[in-house]
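Just the one chain here, the form predicted on its own, laid out as structure tokens.
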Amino acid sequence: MFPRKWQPSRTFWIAIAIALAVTVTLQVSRRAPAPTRVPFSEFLSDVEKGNVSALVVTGDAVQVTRASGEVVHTMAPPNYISVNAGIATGLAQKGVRIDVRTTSEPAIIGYGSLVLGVLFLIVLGVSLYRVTSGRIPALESKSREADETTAGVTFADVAGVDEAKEEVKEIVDFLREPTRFSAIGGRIPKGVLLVGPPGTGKTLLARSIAGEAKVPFLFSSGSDFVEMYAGVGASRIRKLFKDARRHPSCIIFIDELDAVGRSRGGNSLSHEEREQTLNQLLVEMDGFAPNQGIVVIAATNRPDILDPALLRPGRFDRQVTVGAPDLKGREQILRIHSKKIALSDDINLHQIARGTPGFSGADLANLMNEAALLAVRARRQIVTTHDLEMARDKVLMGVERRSLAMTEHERITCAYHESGHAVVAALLPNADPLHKVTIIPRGRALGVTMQLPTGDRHTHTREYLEAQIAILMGGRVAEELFLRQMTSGAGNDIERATDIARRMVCEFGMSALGPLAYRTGGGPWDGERAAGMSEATAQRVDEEVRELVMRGYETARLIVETQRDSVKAMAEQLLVVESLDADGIKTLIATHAVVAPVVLAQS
């Protein structure tokens, strides 16, 4: 019923009982019937008739007890009884008992209620103090210490980031055998910052450190130190390091460091609490307090916004980059995640890894899980290659939307559009190999032409980028040549082609403007159209961008016009089967293609 840290004591239950008793008493008193009030003239008439046996006078208020035992109330004129002292004498002569009270006596009940309320608050406060042992829960540190359940991951469960793993292995070795390093004057790094895109395994790497290191591992999140009350975050930082100093060696892990380590500055008062927390963290990591044997490991995907004081040597001595895995790393990650999944014997994980360029570790884990779910839906006991390929297509291109009703005209337009992309991609020598063409709506697209590179690409040549522009233009060209129309379906293709061309001109130096970088504005709120360049240069940039896009357009037109039979045959095939894989595309183009050398169109 109650959390483990807050068990009610006997004093608490006594306080609750007193509060209930007070509440019941007040309710009963409120529900008591209102007294009967009579005019003062009726009271005087009862006195003359001898129908009054007793009076209780409180100021000008008179409680009358009649001879029949009935109790009524009346109100005398101001100072009537005190001025007319003879009235009391006459009443006494008639045998009426008179009881005079002061007006302050009823206030005793109010004072009693106040004292009772204060007593209740004191009892409740003492109870809470005893329960929390004098600590305020809001100021308590939210850090937790890893146990066997939390730290059930070791270095064997981490793959694809071999260099980063070697860096953190050294930290674990130092904490296990500090004398081996200190014998030659080496000192342990105070902090290690794990930097990388989301999903690359930064937190998993930290969990593996907790599993490997035989030292206490305290972990927390940057958001745990951000509170609306001033000083709370700094207090939690102090408490975290105080707990760490109780151990000879200890590791502190802070996930999402950018939540608390954002660069200081600005006039906003809302940043005051966060800056106080950051200042306390800076002092704890490299201040006068001894931190021997304490290593702080933090993770972030926004190193550009961190405060420079955090990144200097003495605080975070090392920055370990945890990037997307390469082909070998992706295969290792797939093998790790496939240990708990029943796979078919004919599955080639190397082939699956080759078809997932740019995937992070989280993406690959999601791929294996999606494949297992697909197998369960199909009521199979093992995961097949088909399941993995369907899961990959789902992650890359989105979920099939077979419920989307397309008209026949839209299906024909989509078929010729995707056929134009596919034929141009198949015949350009510098393009990536085709993997699949489909006119089944996926995600936000009505059709998809998917290419998969033979290996990881870290740089791109000019010929490759120009081929990409031509492939993007292939869909619009096919619509124009075969259907004599233009549709909005090519809008995203045109946007992507223009973006590639602009980056070639402004960032990569792949134009007649030479190897110069041109800034084209930082965002939609920039007042200038082209920051960092003159109007004349901006005009030349636009001309170069247009020339690159139109060159790709003419290349696509040349290929589609030459290979009309291939485009038409593929479109007709897609209207029947809706999807073509790589083998089907190769067979179809080999049957209908016109053998002719294809070169990029010249301006």
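From 1 onward, residues are counted along the sequence shown. In this text, rigid core is short for the largest set of C-alphas that superpose within 1.5 Å between two forms. In this text the structure is predicted, and so the values were computed from the model without any measurement.
We do not show the form predicted in complex with a small molecule, though everything after this point is about it.
Student: Using a 4.5 Å heavy atom cut-off, which of 446 to 454, 475 to 483, 357 to 365, 273 to 281 contacts the small molecule in the predicted bound form?
Tutor: Looking at the other structure, the answer is 357 to 365.
Student: Of the residues Leu374, Ala353, Cys250, Leu204, which one places a heavy atom within 4.5 Å of the small molecule in the predicted bound form?
Tutor: It is Leu204 that has a heavy atom within 4.5 Å of the partner.
Student: Under a 4.5 angstroms heavy atom criterion, identify the one residue in Val158, Ile237, Ala501, Ile471 near the small molecule in the predicted bound form.
Tutor: Flagged contact: Val158.
Student: In the predicted bound form, is there a heavy atom of the small molecule that lies within 4.5 Å of any heavy atom of His337, even though the partner is absent here?
Tutor: Output for His337 is yes: heavy atoms within 4.5 Å of the small molecule.
Student: Though only this chain appears here, would Ile439 touch the small molecule in the predicted bound form if you measure heavy atom gaps against 4.5 Å?
Tutor: Flag for Ile439 set to no.
Student: Is there a heavy atom of Gly199 no more than 4.5 Å from a heavy atom of the small molecule in the predicted bound form?
Tutor: Judged by the heavy-atom cut-off of 4.5 Å, Gly199 is in contact with the small molecule in the predicted bound form.
Student: Determine whether any heavy atom of Ile333 comes within 4.5 Å of a heavy atom of the small molecule in the predicted bound form, and answer yes or no.
Tutor: Yes, Ile333 sits close enough to the small molecule in the predicted bound form that at least one of its heavy atoms falls within 4.5 Å.
Student: Spell out whether the Cα of Phe253 moves at least 2 Å between the shown form and the other one when the two forms are superposed on their rigid core.
Tutor: Where the cores coincide, Phe253 still shows a C-alpha shift between the shown form and the other one that is 2 Å or more.
Student: Would Phe482 count as moving between the shown form and the other one, using a Cα shift of 2 angstroms or more after superposing the core as the test?
Tutor: Comparing forms between the shown form and the other one, the Phe482 CA shifts below 2 Å.
Student: Has the Cα of Ser220 moved 2 Å or more between the shown form and the other one, judged after a core fit?
Tutor: Yes, shifts by 2 Å or more.
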